[in-house]
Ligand code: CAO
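Starting off, we have a lone chain in the form predicted on its own, written out as structure tokens.
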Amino acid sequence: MASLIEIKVPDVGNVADIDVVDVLVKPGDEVKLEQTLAVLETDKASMDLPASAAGKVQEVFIKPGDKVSEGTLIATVLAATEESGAAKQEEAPAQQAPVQQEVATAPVEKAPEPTSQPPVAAPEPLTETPARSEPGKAAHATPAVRLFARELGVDIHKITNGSGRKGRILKDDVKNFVKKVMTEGVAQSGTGIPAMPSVDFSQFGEVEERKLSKIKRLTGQNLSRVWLNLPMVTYHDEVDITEMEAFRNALNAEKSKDDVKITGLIFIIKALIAAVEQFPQFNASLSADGENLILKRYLNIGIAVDTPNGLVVPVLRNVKHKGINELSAELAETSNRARLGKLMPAEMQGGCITISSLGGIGGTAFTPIVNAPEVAILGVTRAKMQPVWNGKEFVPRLMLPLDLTYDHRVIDGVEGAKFMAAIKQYLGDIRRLLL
């Protein structure tokens, strides 16, 4: 007997307000198991939402432009078989009435923050509603708005007026506060940053305007925030990887055609792990007030991956306890899912230090920006053969450029140089990784 199955947003790693970019089904459509129902987008990645049951779509509860979170009802499907219906019995209510009730209340939750409201309309009520966040008094805002403010680095108590009902602070108020700080230069430090002038480029010739993806827009905002708040230093060096590359080629020669090949990045990950264990201050984060250093007892490595939608940083977890073959397979699979937009937000959280590699493209050096709240990032560019003096003669050696950017509030120049020296030591003689 067929049953009605609710399809909801799965666990996405405690991320709220995920944008609905596209809805690919409508009532009456027949869907298969794992078929994509909608495309969602966070500030870090876009993802496909698969069907957890096969059958006929009865009702769709979202549309492009909506915001969803874990547990949000996406659609109801009349299961095609008893088996598919039984498989979902534990997760879906047996009666249809709760579905109707949830749908009826959904618009009420969105009413305080209409997406169609023009951006210029938000500041007007700020002077009309005298609900002020006084020092020592909690700001009048929902947990979601507070989280949004924290993500943007905004002290919600500095927003003195709220445009919502009874002076409630809304997301538009937080956005307008950020715009005011950026355009008027009312920074907390007292120094202003002049806004970039608006230029009409069409006066010089034909132009095309293309909207940035959400990932690129929010990544740009985050990088700007990091650049303005962190005193960063980049240390450049080179390491001789001639022996390491010979060993890597020998290992790959032993593999069959279908085996995952080992890349040089895997050895860099291993060397970085060993260096972080030797210098634990690189596996830390500075507290928000800048008074304490939070040392992490876990070790996860972020790997920057280029995708059609922009740069994303999936996180490899518990890397210390994984061998090079396991890491190679995991990195290949994770990078492929990142390019296909299949990563979940939780898979891009919890990193301790990040690697950004341009080795497959080229270059001799660059200055990577720290992926805050981490305190360091390792950049890698393309290795090349160079003549190296060994004391008697010049010999050809394969030299790999490395670029280490670190937060100077946590790491000083001597520590940065020692950390790079340790990485070079491990890559120059990978036998040291066994010690």
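We number the residues from 1 along the sequence you see. It should be emphasised that the depicted structure is a prediction, and the values quoted were computed from it without experimental measurement.
Below, we refer to the form predicted together with the named molecule, which is not included among the displayed structures.
*Asks:* State the residue from T381, S52, T42, N371 whose non-hydrogen atoms include one within 4.5 Å of the named molecule in the model of the complex.
*Replies:* That would be T381.
*Asks:* Check each of G71, G360, G323, P143 and return the one that places a heavy atom within 4.5 angstroms of the named molecule in the model of the complex.
*Replies:* Only one listed residue qualifies here, and that residue is G360.
*Asks:* Tell me the stretch among 360-368, 204-212, 231-239, 282-290 that has any heavy atom within 4.5 angstroms of the named molecule in the model of the complex.
*Replies:* The contacting stretch is 360-368.
*Asks:* According to a 4.5 angstroms non-hydrogen atom cut-off, is I156 in contact with the named molecule in the model of the complex?
*Replies:* It does not: once the named molecule is placed as it appears in the model of the complex, I156 has no heavy atom within 4.5 Å of it.
*Asks:* Do D306 and the named molecule come within 4.5 Å of each other in the model of the complex, heavy atoms counted?
*Replies:* Answer yes; at least one heavy atom of D306 falls within 4.5 Å of the named molecule in the model of the complex.
*Asks:* My question is simply whether S335 lines the interface with the named molecule in the model of the complex - judged by any non-hydrogen atom within 4.5 Å.
*Replies:* Within the cut-off, so yes.
*Asks:* Would you check, heavy atoms only and a 4.5 Å threshold, whether L311 touches the named molecule in the model of the complex?
*Replies:* It does: once the named molecule is placed as it appears in the model of the complex, L311 has a heavy atom within 4.5 Å of it.
*Asks:* Would you confirm whether the three residues L24, M47 and T76 all fall within 4.5 Å of the named molecule in the model of the complex, going by non-hydrogen atoms?
*Replies:* None of them does, since no heavy atom lies within 4.5 Å of the partner.
*Asks:* Judged by heavy atom distances of 4.5 Å or less, which residues of 253-271 approach the named molecule in the model of the complex?
*Replies:* If the 4.5 Å heavy-atom criterion is applied to the named molecule in the model of the complex, 253-271 yields T263, L265.
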